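The data below hold one chain only, encoded as structure tokens and taken in the form predicted on its own.
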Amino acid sequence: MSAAALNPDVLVALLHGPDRPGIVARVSGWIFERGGNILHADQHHDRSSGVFIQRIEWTPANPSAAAADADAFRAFANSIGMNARVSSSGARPRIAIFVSKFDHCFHDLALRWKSGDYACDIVAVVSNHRDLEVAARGYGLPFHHIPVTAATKDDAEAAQLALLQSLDVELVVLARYMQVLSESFLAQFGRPVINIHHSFLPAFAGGRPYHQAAARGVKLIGATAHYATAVLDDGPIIQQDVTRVTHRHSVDDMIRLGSDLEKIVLAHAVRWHLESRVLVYGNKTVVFD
């Protein structure tokens, strides 16, 4: 567990920009000059694109002024050509989980949240079906049924957006939500959406990936958690995992094996996002351990 997870007064910054000498010294110097104490720092140089990427955790000299320090750090980062996102370890992001009928990823996320593993507030479970309503309410989570058909998709997305905005949702997690969010929805929401896709992307994007995998005779199947973008199953990848299969595995076998992968891959992706460990640039990510 990171120092930030143990201390509610820790600031966590993710920054990236053109690589040049002295960035680490300037960042650490800025924190030192303001009386802060660096708890952890990690960085990466993307040599192919000339991009410098850093994650740094520190305690501010005056915890009550942490918000002002965060704003000041963003301005400082911008002054040295860096884009920066700063969060407080004491913040509890407001999350909505979108589900359909498959329940394995939903239960896994809800149990991790209920046990205190996730520093967030799940403020809504949204579904195009009622199958998980009783389960959601059993976890003490508010359930919202918003049906979606081809004819009502625009109205349904408008209702979803109105709900998310009214609840000030900061992250949407698609826990096997079997609807494609439109480009308009993603643009209007304007905040991260994490999706779990039941294949090792970019292989077998789209529908029925286990059936596609069986038809192709693959020896590995996988799961991929990624940020949703306007292009289906093409967003920046956060986490992936695979398991071996053989000619003896049926589609049903692959679905069963893949379900375990989907749960753990999505769980990791959500945790890393909540802990500000994922930096997106271009169409890829750097995930700091």
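Numbers follow the displayed sequence, beginning with 1. On a predicted model such as this, the values are computed, not experimentally measured, just so you know.
What follows is about the form predicted in complex with a further copy of the same chain, which we do not show.
**Student:** With a further copy of the same chain left out of view, which of 131, 155, 121, 117 would have a heavy atom within 4.5 Å of it in the predicted bound form?
**Tutor:** Contact residue from the list: 117.
**Student:** At the 4.5 Å heavy atom threshold, is residue 28 in contact with a further copy of the same chain in the predicted bound form?
**Tutor:** Residue 28: yes, in contact with a further copy of the same chain in the predicted bound form.
**Student:** Can you work out whether residue 235 and a further copy of the same chain are in contact in the predicted bound form, taking contact to mean some heavy atom pair no more than 4.5 Å apart?
**Tutor:** Contact with a further copy of the same chain, yes.
**Student:** When the contact criterion is heavy atoms within 4.5 Å, does residue 107 count as touching a further copy of the same chain in the predicted bound form?
**Tutor:** Output for residue 107 is yes: heavy atoms within 4.5 Å of a further copy of the same chain.
**Student:** Contact with a further copy of the same chain in the predicted bound form for residue 268, defined as at least one heavy atom pair within 4.5 Å: yes or no?
**Tutor:** Contact check for residue 268: yes, within 4.5 Å of a further copy of the same chain in the predicted bound form.
**Student:** Looking at 167-175, 78-86, 214-222, 186-194, which one sits within 4.5 Å of a further copy of the same chain in the predicted bound form if you count heavy atoms only?
**Tutor:** In the other structure, the partner sits against 214-222.
**Student:** Scan 253-289 and write down, in order along the chain, each residue with a heavy atom lying within 4.5 Å of a further copy of the same chain in the predicted bound form.
**Tutor:** 253, 256, 257, 260, 263, 264, 268, 271, 283, 284, 285, 286, 287, 288, 289 sit within 4.5 Å of the partner.
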